[in-house]
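In structure tokens, one chain follows: the form predicted alone.
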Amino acid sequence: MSSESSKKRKPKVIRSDGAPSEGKRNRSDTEQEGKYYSEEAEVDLRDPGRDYELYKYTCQELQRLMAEIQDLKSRGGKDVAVEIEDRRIQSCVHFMTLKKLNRLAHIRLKKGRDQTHEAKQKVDAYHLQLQNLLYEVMHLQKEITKCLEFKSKHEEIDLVSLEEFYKEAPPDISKAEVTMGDPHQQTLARLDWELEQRKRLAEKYRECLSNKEKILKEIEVKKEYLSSLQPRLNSIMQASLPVQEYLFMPFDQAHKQYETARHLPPPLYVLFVQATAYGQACDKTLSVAIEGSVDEAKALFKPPEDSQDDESDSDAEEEQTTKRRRPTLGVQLDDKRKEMLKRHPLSVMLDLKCKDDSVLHLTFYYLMNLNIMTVKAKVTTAAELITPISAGDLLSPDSVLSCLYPGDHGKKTPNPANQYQFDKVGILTLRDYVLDLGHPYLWVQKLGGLHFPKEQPQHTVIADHSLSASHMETTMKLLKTRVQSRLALHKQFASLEHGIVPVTSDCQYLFPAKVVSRLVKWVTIAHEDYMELHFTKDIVEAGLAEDTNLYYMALVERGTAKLQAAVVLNPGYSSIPPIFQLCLNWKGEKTNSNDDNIRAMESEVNVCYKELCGPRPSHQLLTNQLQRLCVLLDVYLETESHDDSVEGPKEFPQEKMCLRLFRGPSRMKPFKYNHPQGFFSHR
């Protein structure tokens, strides 16, 4: 125990020996009481580099002492504690040195920051001064620029040239001896001369104004006179109406028509002008009139007027429509189609009178968005006609004008641009709308001066008067011919349905006096039914059976023989003859495919039709062909050889005189009738 306590006390003795005595410390304190120690002052005297070297040396010494203390502790021994204590004291001294160096470093850092802050403040002050100077420089530059760009009012004045100035200005203003060498005086002199000229012009302007006022007063007086004259002229016109009616000179009505014509679209206007001119020059019976609402036509060219009342009404309507259901896509497409096919409010009416007092009423319309014209037709007669069943399509508005020119059936739009417009609104073809809108025939477009070239389409098609004038006369003649031929067919069909073939006195010489075969049936058939007949294949394959033609079936009988005749009636009848296809039911079925004589009968009717035309305009061609068909059936049956094995009289005794019954290996029969001899021969 005593040894351990002694060991513990030994270090204290050593520390007391190594430490300075109390008396010495008191003396040193008393010596330094009269002095002032400041580390901040010491920082200025010390070298930072040496302090850094001292810092590194101190750290190295601390590392070495720590390593020695660690080594001594690991070895152990009796004298180790004294060495460890000694090294610990040395380490404490080094720690004190590090603390001092740390304080000096912080003081240096604070001083560096203070110095940096002072320098920054100086830089900021200099920068502010620089900015102030730059702003003053910029302000001065702007003022200089304003001064340089300053323009005087006299520069905007268009002064006379120098030559004109010195030539016209008086010497007291020009002062050539002074102004020639001084640009400033020269400008002042030119301004004085300009002022002098303007004074003169102002005086002249006032004189013109006074003259203008006098003229305006005279105009007002004349206007009052003319306004008072208008009622008098109207009263005179009203009083002259009976005279105009008596002399057939409707000036008042014509004047109203021309006033209304100003609101027609260009194609209808061209049609109106050209039809009126044609009526005055060539056809006095042609009547031209304008129908429709003039107010609606005027509204098409007026811009919509905006007003507060309209806005309030639209707001109220919007509140109501928001509560309603929105229109579906189908309804929107229907609205777009109606807008696409919208017609102009005005239309042109043509009344074309024929010789038998029948009238063809034509109403021409203009489709504004499609830029095409359409027409609706109606035929009226002086006496009411009894319409036969087979004549139902002859005078129908849908077919009466079909193919007036070859191939012009009026089912398709003539404007190639319309197809792209139809695709946008879902319209497949115009055929579905022609009953309501009218037929867009090509000749209708030409009467309106419209031409749509297919090879080189134009962006805008303009109505041309010359095009309308070149087609007007020909088209009017064709229209009259069409109406007369249809009316003639209408009367003929009424007789044919009763089994009577009407032959006029002018055509009696074309047939023998006695014709035994008779027509027992005349009906109309559909185009599809005609296509299905087995004996019409030749016509179908030749492309002559078009859907625009009219088709009929005739039945001619004599005894047990029955002859069926399928007739193709072209809309251009009688300039284009009807076509007959025959089928004879007697001793079997005989057609042009198995009997050469049936083919010869068809040739007599179809090929030699010119012999049957009769007097112009050849409206009796169809009935003459049917009568010739009855005669041909008589010849065919009477010239047929009799079977000797059958007892009894011959079914068809020969009543026609024939020079020769048969000819050639095909035993062709004599079908040609020779007038006035009255016999039949071969062709």
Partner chain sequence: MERAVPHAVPLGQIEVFQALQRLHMTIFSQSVSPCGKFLAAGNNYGQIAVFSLSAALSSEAKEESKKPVVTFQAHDGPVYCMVSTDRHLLSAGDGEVKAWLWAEILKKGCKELWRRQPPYRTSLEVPEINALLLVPKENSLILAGGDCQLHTMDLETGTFTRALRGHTDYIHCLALRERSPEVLSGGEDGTVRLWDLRSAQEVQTIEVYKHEECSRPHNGRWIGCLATDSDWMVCGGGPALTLWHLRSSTPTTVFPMRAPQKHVTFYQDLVLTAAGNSCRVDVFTNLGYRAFSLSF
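Note that the structure is a prediction, hence the values are computed from the model and not measured. Only the largest set of C-alpha atoms that superpose within 1.5 Å between the two forms is called the rigid core. Positions refer to the first chain, counted from 1.
As for the form predicted together with the partner chain, it is not shown, yet the points below apply to it.
For residue 660, a non-hydrogen atom is located within 4.5 Å of the partner chain in the predicted complex, even though that partner is not displayed. Under a 4.5 angstroms non-hydrogen atom cutoff, the partner chain in the predicted complex has residue 541 among its neighbouring residues.
In the predicted complex, the partner chain sits within 4.5 Å of a heavy atom belonging to residue 407. Although the partner is absent here, residue 610 sits close enough that one of its heavy atoms falls within 4.5 Å of the partner chain in the predicted complex.
Partner proximity in the predicted complex, defined as non-hydrogen atoms within 4.5 angstroms of the partner chain, places exactly one of 520-528, 266-274, 100-108, 228-236 at the interface: 520-528. Of the candidates 596, 393, 557, 83, 596 is the one whose heavy atoms come within 4.5 Å of the partner chain in the predicted complex; the others do not.
The contact residue chosen from 387, 260, 575, 481 relative to the partner chain in the predicted complex is 575, the criterion being a non-hydrogen atom within 4.5 angstroms.
Comparing the forms between this form and the one not shown, the C-alpha position of residue 674 differs by less than 2 angstroms, with the core used for superposition.
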